[in-house]
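One chain is shown next in structure tokens, namely the form predicted alone.
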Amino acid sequence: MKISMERATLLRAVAQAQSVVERRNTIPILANVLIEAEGETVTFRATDLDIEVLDKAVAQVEKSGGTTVSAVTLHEIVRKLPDGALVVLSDDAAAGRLSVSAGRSQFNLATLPKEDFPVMASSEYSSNFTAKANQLRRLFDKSKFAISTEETRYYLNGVYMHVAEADGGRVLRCVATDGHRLARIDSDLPTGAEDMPGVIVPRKTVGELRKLLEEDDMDIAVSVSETKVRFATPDITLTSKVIDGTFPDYTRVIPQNNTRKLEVDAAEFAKAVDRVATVSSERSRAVKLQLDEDRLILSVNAPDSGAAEEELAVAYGDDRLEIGFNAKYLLEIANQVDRENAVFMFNSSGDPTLMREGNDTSAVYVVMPMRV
């Protein structure tokens, strides 16, 4: 195999591959990227046995063929090469070496046979549809902060993507929760997604998917089966196993009868929470909200480090209320708001609180209170 590629094109392809590769693994070939050249196309494939990414790029192919080489090492080399460099990759199968040259730089890397590289079995997808990149980006970006990191409840370690009933009809919905907070984001149901099985997309896949969704109007081909999900652009295909578990009935934790309404400027609220939380002890990071007519007082009292208080002008016309929250959870939820106003709906100091963006019900957040 011998190919020539522009550095930027090669870097983009190798960057995606090396981020999928697990740094610590016991199977040496899983640290490698499979490079295959044919015609005018080079494909870069990497996997950790749960996720597989396939990146196609245009190159000058002098000699077809394929090999595998350390993804991290190749990425580091290409990253450090000068902008605009033409990179030549040539494989010497007999010697088990891949030569990487650009200008006066020359590297020789150890390779492993491409026949040993595990390719993820393709499955029959029961549902295939197309969605815009900005639609998927909103669904996953706004929900992923609530993904649980607790390994025991593994079925919460991802975003639950499914078809659901909403007020205006059926929607494509993403939900994530860790038991302390919950995010539920709705979007128009794409044509062809009506019979999609609900799947839990793992956290790592959600992170990798984000790199495919940069261009707003890009069409993303989505394929879903009971065990796998695939997202594809014309150049990159990301295939992932889904979490084998049942996502809990999240509708039961979304409060329906919270009547006390607080409306506040989302950006000002987030800054104020951040400021008063500066003195709180890291462990609890509790912030108390005192609500009175059109007035909100945020306060923190940490006996070992100090106290802080800040007052905000808000829209609130209900009974006086005192309620406490973990500052980190409040901040993460407030930072999801794209509009000017955040609307909080309270019941009592012991009940879950609902938050949405203005009058928009397509993004709903729930946060559990804590004692302060």
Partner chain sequence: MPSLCRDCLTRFDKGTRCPACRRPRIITHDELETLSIAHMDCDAFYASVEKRDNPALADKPVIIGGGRRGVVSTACYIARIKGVRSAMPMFKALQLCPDAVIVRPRFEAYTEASRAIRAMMEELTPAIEPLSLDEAFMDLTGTERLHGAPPAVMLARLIKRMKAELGLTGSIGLSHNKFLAKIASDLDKPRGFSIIGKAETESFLRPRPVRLIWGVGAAAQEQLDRAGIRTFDDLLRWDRQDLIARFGGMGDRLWHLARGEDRRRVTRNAPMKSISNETTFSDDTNDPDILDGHLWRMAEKVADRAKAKGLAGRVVTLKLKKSDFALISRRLSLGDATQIADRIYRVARGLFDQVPTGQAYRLLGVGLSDLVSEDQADRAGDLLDPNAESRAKAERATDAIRKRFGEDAILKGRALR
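Residue numbers count along the first chain shown, from 1. Note that the structure is a prediction, hence the values are computed from the model and not measured.
Unshown form predicted together with its partner chain; subsequent notes refer to it.
Across the options 220-228, 122-130, 153-161, 107-115, residues that bring heavy atoms within 4.5 Å of its partner chain in the predicted complex belong to 153-161.
Screening R173, H75, K142, R181 for any heavy atom within 4.5 Å of its partner chain in the predicted complex leaves a single hit, R181. Checking A95, L86, A267, V253 for any heavy atom within 4.5 Å of its partner chain in the predicted complex turns up a single hit: V253. Contact here is defined as any heavy atom lying within 4.5 Å of its partner chain in the predicted complex, and by that definition not a single one of A193, M196 and V242 is a contact residue. Put simply, M1 is far from its partner chain in the predicted complex: not one heavy atom of it is within 4.5 Å. Among heavy atoms of T177, some come within 4.5 Å of its partner chain in the predicted complex.
Remark: G207 does not count among the residues lining its partner chain in the predicted complex, judged by a heavy atom distance of 4.5 Å or less. Within this chain, V366 lines the site of its partner chain in the predicted complex, having a heavy atom no more than 4.5 Å away.
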